[in-house]
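One chain follows as C-alpha coordinates, the form predicted on its own.
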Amino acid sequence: MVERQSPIEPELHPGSHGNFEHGVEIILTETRPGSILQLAAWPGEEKRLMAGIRTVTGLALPDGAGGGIADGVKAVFGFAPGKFTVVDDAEGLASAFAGVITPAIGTVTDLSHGRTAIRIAGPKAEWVLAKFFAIDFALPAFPVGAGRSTTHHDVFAQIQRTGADQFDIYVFRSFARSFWKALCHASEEVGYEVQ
(Lines give C-alpha, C1' and ligand atoms only; values in the text may rest on other atoms or scores of the structure.)
Protein backbone atom coordinates (compact mmCIF):
# COMPACT_ATOMS: atom_id res chain seq x y z
CA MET A 1 0.00 0.00 0.00
CA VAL A 2 1.28 3.43 -0.91
CA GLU A 3 1.17 5.53 2.24
CA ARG A 4 -0.14 9.02 1.59
CA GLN A 5 0.38 11.72 4.16
CA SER A 6 -2.89 12.80 5.65
CA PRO A 7 -3.91 16.38 4.90
CA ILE A 8 -5.42 16.61 8.39
CA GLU A 9 -2.41 15.15 10.22
CA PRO A 10 -1.25 18.53 11.63
CA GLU A 11 -4.71 18.90 13.23
CA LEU A 12 -5.21 15.24 14.19
CA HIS A 13 -4.96 15.24 18.00
CA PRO A 14 -5.98 11.84 19.47
CA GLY A 15 -7.86 11.87 22.75
CA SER A 16 -10.94 13.48 24.28
CA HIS A 17 -11.75 17.13 23.62
CA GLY A 18 -14.42 19.71 24.34
CA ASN A 19 -17.10 19.28 26.98
CA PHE A 20 -16.74 15.58 27.79
CA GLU A 21 -17.58 15.99 31.46
CA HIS A 22 -20.69 13.81 30.98
CA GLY A 23 -19.11 11.50 28.44
CA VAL A 24 -18.03 11.61 24.83
CA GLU A 25 -20.92 11.82 22.36
CA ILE A 26 -18.91 12.00 19.12
CA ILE A 27 -16.04 9.92 17.74
CA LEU A 28 -14.05 11.43 14.85
CA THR A 29 -11.73 9.32 12.70
CA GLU A 30 -9.91 9.63 9.41
CA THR A 31 -10.65 6.26 7.80
CA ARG A 32 -8.04 6.25 4.96
CA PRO A 33 -9.59 3.78 2.48
CA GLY A 34 -7.31 2.41 -0.23
CA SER A 35 -9.73 3.17 -3.08
CA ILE A 36 -12.32 5.89 -3.65
CA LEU A 37 -13.93 5.78 -7.10
CA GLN A 38 -16.62 7.61 -8.99
CA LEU A 39 -18.54 5.57 -11.55
CA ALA A 40 -20.89 7.20 -14.05
CA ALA A 41 -23.25 5.47 -16.47
CA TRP A 42 -24.16 6.74 -19.89
CA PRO A 43 -27.89 7.42 -20.28
CA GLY A 44 -29.79 4.12 -20.37
CA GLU A 45 -26.82 2.11 -18.99
CA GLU A 46 -27.51 2.60 -15.27
CA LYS A 47 -28.68 -0.99 -14.67
CA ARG A 48 -25.61 -2.43 -16.41
CA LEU A 49 -23.33 -0.19 -14.33
CA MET A 50 -25.09 -1.25 -11.13
CA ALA A 51 -24.68 -4.90 -12.18
CA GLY A 52 -20.97 -4.26 -12.75
CA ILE A 53 -20.65 -2.75 -9.28
CA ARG A 54 -22.22 -5.88 -7.83
CA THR A 55 -19.90 -8.13 -9.88
CA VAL A 56 -16.75 -6.38 -8.64
CA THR A 57 -17.69 -5.50 -5.04
CA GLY A 58 -20.31 -8.11 -4.17
CA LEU A 59 -22.57 -5.26 -3.01
CA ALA A 60 -26.09 -5.09 -4.45
CA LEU A 61 -27.25 -1.49 -4.76
CA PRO A 62 -30.88 -0.80 -3.95
CA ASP A 63 -32.80 0.93 -6.71
CA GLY A 64 -33.58 4.60 -6.15
CA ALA A 65 -31.92 7.93 -5.63
CA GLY A 66 -29.27 8.01 -2.92
CA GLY A 67 -29.49 4.27 -2.30
CA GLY A 68 -26.40 2.50 -1.04
CA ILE A 69 -24.88 -0.23 1.05
CA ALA A 70 -21.80 -0.61 3.25
CA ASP A 71 -20.34 -3.80 4.69
CA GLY A 72 -17.47 -2.45 6.81
CA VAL A 73 -14.82 -3.03 4.12
CA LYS A 74 -16.54 -1.81 0.95
CA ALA A 75 -19.25 0.75 0.39
CA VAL A 76 -21.21 2.15 -2.55
CA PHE A 77 -23.90 4.79 -2.88
CA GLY A 78 -25.63 6.76 -5.59
CA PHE A 79 -25.17 10.52 -5.35
CA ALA A 80 -26.74 11.70 -8.62
CA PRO A 81 -28.66 10.04 -11.46
CA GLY A 82 -26.39 7.32 -12.86
CA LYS A 83 -23.44 8.34 -10.64
CA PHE A 84 -22.00 6.32 -7.78
CA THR A 85 -19.21 6.54 -5.24
CA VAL A 86 -17.49 3.21 -4.55
CA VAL A 87 -15.07 2.81 -1.64
CA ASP A 88 -12.85 -0.10 -0.62
CA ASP A 89 -10.31 -0.49 2.18
CA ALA A 90 -7.99 -2.13 -0.36
CA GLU A 91 -6.13 -0.34 -3.13
CA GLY A 92 -6.54 -1.21 -6.80
CA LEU A 93 -10.32 -1.17 -7.09
CA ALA A 94 -10.14 0.85 -10.34
CA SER A 95 -8.20 -2.00 -11.98
CA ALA A 96 -10.88 -4.48 -10.94
CA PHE A 97 -13.50 -2.40 -12.75
CA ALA A 98 -11.41 -2.05 -15.94
CA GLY A 99 -12.77 -5.16 -17.66
CA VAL A 100 -16.28 -4.90 -16.25
CA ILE A 101 -17.31 -1.29 -16.87
CA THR A 102 -16.57 -0.89 -20.59
CA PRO A 103 -16.61 2.47 -22.40
CA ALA A 104 -20.03 1.49 -23.76
CA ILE A 105 -21.45 1.38 -20.21
CA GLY A 106 -19.82 4.39 -18.56
CA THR A 107 -16.71 5.72 -16.88
CA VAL A 108 -14.56 4.85 -13.86
CA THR A 109 -12.58 7.66 -12.22
CA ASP A 110 -10.12 6.95 -9.42
CA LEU A 111 -10.42 9.73 -6.83
CA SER A 112 -8.32 8.06 -4.13
CA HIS A 113 -5.56 10.66 -4.41
CA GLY A 114 -7.97 13.58 -4.26
CA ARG A 115 -10.37 12.74 -1.43
CA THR A 116 -10.15 12.41 2.33
CA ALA A 117 -12.56 10.18 4.26
CA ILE A 118 -13.73 11.31 7.69
CA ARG A 119 -15.99 9.25 9.95
CA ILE A 120 -18.26 10.82 12.54
CA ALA A 121 -19.98 8.44 14.94
CA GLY A 122 -21.91 8.63 18.17
CA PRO A 123 -25.33 9.52 19.54
CA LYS A 124 -24.95 13.20 18.54
CA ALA A 125 -23.61 12.60 15.00
CA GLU A 126 -26.88 13.65 13.32
CA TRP A 127 -27.05 16.76 15.49
CA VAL A 128 -23.47 17.85 14.70
CA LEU A 129 -23.89 17.23 10.96
CA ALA A 130 -27.13 19.24 10.95
CA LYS A 131 -25.03 22.26 11.94
CA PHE A 132 -23.29 22.00 8.55
CA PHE A 133 -25.79 20.65 6.07
CA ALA A 134 -29.47 21.37 5.36
CA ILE A 135 -30.28 17.66 5.19
CA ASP A 136 -32.67 15.56 7.26
CA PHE A 137 -30.25 13.17 8.97
CA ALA A 138 -32.98 11.27 10.87
CA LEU A 139 -32.77 7.53 10.26
CA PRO A 140 -36.11 7.23 8.38
CA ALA A 141 -35.13 10.01 5.94
CA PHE A 142 -31.47 8.98 5.64
CA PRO A 143 -31.32 5.18 6.09
CA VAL A 144 -28.19 3.12 6.67
CA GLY A 145 -26.29 2.76 3.40
CA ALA A 146 -27.83 5.84 1.78
CA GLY A 147 -25.69 8.67 0.47
CA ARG A 148 -26.05 12.38 -0.22
CA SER A 149 -24.02 14.93 -2.13
CA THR A 150 -23.97 18.47 -0.73
CA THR A 151 -21.80 21.46 0.19
CA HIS A 152 -20.88 23.46 3.26
CA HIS A 153 -19.47 26.92 2.51
CA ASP A 154 -18.30 25.77 -0.93
CA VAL A 155 -16.74 22.58 0.49
CA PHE A 156 -18.19 19.74 -1.59
CA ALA A 157 -19.03 16.71 0.55
CA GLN A 158 -20.39 13.26 -0.12
CA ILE A 159 -21.94 11.66 2.94
CA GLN A 160 -22.89 8.03 3.47
CA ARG A 161 -24.66 6.70 6.53
CA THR A 162 -22.66 3.57 7.41
CA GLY A 163 -24.35 2.77 10.72
CA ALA A 164 -27.28 3.87 12.85
CA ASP A 165 -25.13 6.60 14.46
CA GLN A 166 -22.26 6.69 11.95
CA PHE A 167 -21.53 8.66 8.78
CA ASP A 168 -18.57 8.66 6.39
CA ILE A 169 -17.85 12.01 4.75
CA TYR A 170 -15.70 12.35 1.63
CA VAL A 171 -14.22 15.80 0.97
CA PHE A 172 -11.54 17.15 -1.37
CA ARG A 173 -8.08 16.70 0.18
CA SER A 174 -7.40 20.41 -0.28
CA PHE A 175 -10.34 21.28 1.99
CA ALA A 176 -9.94 18.38 4.44
CA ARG A 177 -7.94 20.18 7.13
CA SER A 178 -10.31 23.13 7.23
CA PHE A 179 -13.37 20.85 7.29
CA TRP A 180 -11.83 18.67 10.02
CA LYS A 181 -11.18 21.72 12.21
CA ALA A 182 -14.76 22.92 11.71
CA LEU A 183 -16.11 19.45 12.56
CA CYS A 184 -14.04 19.35 15.74
CA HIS A 185 -15.24 22.82 16.73
CA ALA A 186 -18.88 21.86 16.08
CA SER A 187 -18.45 18.76 18.29
CA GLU A 188 -16.92 20.57 21.27
CA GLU A 189 -20.15 21.26 23.15
CA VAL A 190 -21.09 17.57 23.31
CA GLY A 191 -17.57 16.22 23.81
CA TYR A 192 -15.66 14.34 21.15
CA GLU A 193 -12.86 11.86 20.85
CA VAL A 194 -10.35 11.67 18.03
CA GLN A 195 -9.16 8.16 17.25
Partner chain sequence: MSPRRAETGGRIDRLRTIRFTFDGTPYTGYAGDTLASALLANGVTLFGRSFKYHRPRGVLTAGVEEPNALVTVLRGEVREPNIAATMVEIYDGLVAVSQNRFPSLAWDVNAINQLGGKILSAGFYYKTFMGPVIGPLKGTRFWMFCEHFIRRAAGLGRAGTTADPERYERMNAFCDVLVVGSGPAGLMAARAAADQGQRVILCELEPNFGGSANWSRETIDGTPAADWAARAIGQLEGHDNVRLLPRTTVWGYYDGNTLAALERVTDHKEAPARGEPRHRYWAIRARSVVLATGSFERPLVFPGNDRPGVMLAHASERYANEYGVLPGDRIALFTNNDSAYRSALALKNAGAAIVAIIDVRQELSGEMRKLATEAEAEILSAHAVVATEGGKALSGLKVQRFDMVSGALTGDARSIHADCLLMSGGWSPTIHLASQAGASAEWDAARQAFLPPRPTQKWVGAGAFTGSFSTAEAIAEGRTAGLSAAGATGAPTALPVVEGAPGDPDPAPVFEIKAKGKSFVDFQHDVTAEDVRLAHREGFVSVEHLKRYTTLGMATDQGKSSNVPGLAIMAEALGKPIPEVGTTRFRPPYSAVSIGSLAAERFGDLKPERLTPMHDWHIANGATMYSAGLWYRPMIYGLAGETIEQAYVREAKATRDSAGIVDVSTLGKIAVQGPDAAEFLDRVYTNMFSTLAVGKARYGLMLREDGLAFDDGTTWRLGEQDFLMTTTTANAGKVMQHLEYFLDVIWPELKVTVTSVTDEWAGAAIGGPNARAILAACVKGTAVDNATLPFMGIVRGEIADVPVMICRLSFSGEMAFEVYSGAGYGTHVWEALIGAGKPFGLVTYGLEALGTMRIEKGHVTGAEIDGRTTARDLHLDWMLSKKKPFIGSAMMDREGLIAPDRLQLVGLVSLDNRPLNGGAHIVEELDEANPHDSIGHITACCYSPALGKHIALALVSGGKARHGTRAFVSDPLRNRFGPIEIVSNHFYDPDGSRMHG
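Residue numbers count along the first chain shown, from 1. Fair warning: this is a prediction, and the values are worked out from it, not measured in the lab.
There is another form of this protein, the form predicted in complex with the partner chain, and it is not shown here; the text below is about that form.
Asker: Classify residue 14 as contacting or not contacting the partner chain in the predicted bound form by the rule of any non-hydrogen atom within 4.5 angstroms, answering yes or no.
Answerer: Close contact is absent here: in the predicted bound form, residue 14 is far from the partner chain, nothing within 4.5 Å, heavy atoms only.
Asker: Report yes if any heavy atom of residue 92 sits within 4.5 Å of a heavy atom of the partner chain in the predicted bound form; otherwise report no.
Answerer: Output for residue 92 is no: heavy atoms all beyond 4.5 Å of the partner chain.
Asker: Examine residue 119 and determine whether its closest non-hydrogen atom to the partner chain in the predicted bound form is within 4.5 angstroms.
Answerer: Close contact is absent here: in the predicted bound form, residue 119 is far from the partner chain, nothing within 4.5 Å, heavy atoms only.
Asker: Can any non-hydrogen atom of residue 24 be found within 4.5 angstroms of the partner chain in the predicted bound form?
Answerer: Output for residue 24 is no: heavy atoms all beyond 4.5 Å of the partner chain.
Asker: Among 69, 50, 56, 40, which has at least one heavy atom within 4.5 Å of the partner chain in the predicted bound form?
Answerer: Comparing distances to the partner chain in the predicted bound form, the residue within 4.5 Å is 40.
Asker: For the stretch 115 to 147, I need every residue with any heavy atom inside 4.5 Å of the partner chain in the predicted bound form, listed N to C.
Answerer: Counting only heavy atoms within 4.5 Å of the partner chain in the predicted bound form, the contacting residues of 115 to 147 are 115, 127, 130, 131, 132, 133, 134, 135, 136, 138.
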